Ligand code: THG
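Shown next as structure tokens: one chain only, the form predicted alone.
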Amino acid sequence: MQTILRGINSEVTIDSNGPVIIIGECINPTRRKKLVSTLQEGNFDYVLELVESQIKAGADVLDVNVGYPGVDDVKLLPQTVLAIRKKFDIPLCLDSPNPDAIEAALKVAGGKCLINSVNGEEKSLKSLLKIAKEYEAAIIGLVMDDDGITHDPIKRLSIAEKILDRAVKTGIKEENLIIDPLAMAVSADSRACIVTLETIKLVHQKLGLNITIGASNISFGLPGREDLNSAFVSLAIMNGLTCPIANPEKITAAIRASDLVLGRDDYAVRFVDYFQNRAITS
């Protein structure tokens, strides 16, 4: 299964058989106080610094999230997208729980974006699938529904199937749906990663769709987060993960290594290129 995303002149293909595509997570105010303060001032210089550093570190797509308490994201998300578009040509993943903000950003983004995200709740399905169809965007399907989050991989698969069915009925091609099997903190539930890995395997085997996760979620509250995230992502890739949302500065090495050992990097070209470029820029 191939999901194609586009910037203005650039194109990225997410393939269910790899190599792995990295969606940079760093434009997110919940992780960066400086981002909140600069956005409040209408200053996009720090956003552009984050964009540049993520691209240099290996990001193929950028998640853009400007949400924080009190923000008018219907205004700010498209403003941020326009600021990025003026300087960088890279596919974007528009990240907001507000459908109006997503639509406002799609109107100015150009190319073919990814929407983050719809879920199995009726309200979400009715609003966001329609928007994705209208703007010919790809969309992430998060495996939770009106009953909340299940810890049963089979039930998570059934939610993914429900989202896929509704998407196709809305007129969205199945390759334009990417499933998020939900990565939860292993500090709170020792089986959280096992459940996610099993869900990834089921979605890959049964549906053949591309798969994303918020890769750093599993290590919340623990030391050694980078090592833990790298171990989990490598296992997830082996089970079918194709486009994690992660910090490329911390995860690209593990991803390039995973692609190499899984036979997705002929003659280790991408692996060697990544480490040579990192040595040059360090």
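Because the structure is predicted, anything quoted here is derived from the model rather than measured. Position 1 is the first residue in the sequence shown; the rest follow in order.
There is also a form predicted together with (6S)-5,6,7,8-tetrahydrofolate; it is not shown, and the following applies to it.
When contacts are defined as a non-hydrogen atom within 4.5 Å, none of N119, S124 and I159 contacts (6S)-5,6,7,8-tetrahydrofolate in the model of the complex. When (6S)-5,6,7,8-tetrahydrofolate is considered in the model of the complex, only one residue from N239, T38, N247, S53 comes within 4.5 Å through any heavy atom, namely N247. Screening 231-239, 66-74, 209-217, 252-260 for residues having heavy atoms within 4.5 Å of (6S)-5,6,7,8-tetrahydrofolate in the model of the complex returns a single hit, 209-217. Among heavy atoms of K33, none comes within 4.5 Å of (6S)-5,6,7,8-tetrahydrofolate in the model of the complex.
(6S)-5,6,7,8-tetrahydrofolate is not shown here, and in the model of the complex it never comes within 4.5 Å of any heavy atom of C113. By the criterion of a heavy atom within 4.5 Å, L142 is counted among the residues contacting (6S)-5,6,7,8-tetrahydrofolate in the model of the complex. Using a 4.5 Å cutoff between non-hydrogen atoms, D95 counts as a contact of (6S)-5,6,7,8-tetrahydrofolate in the model of the complex.
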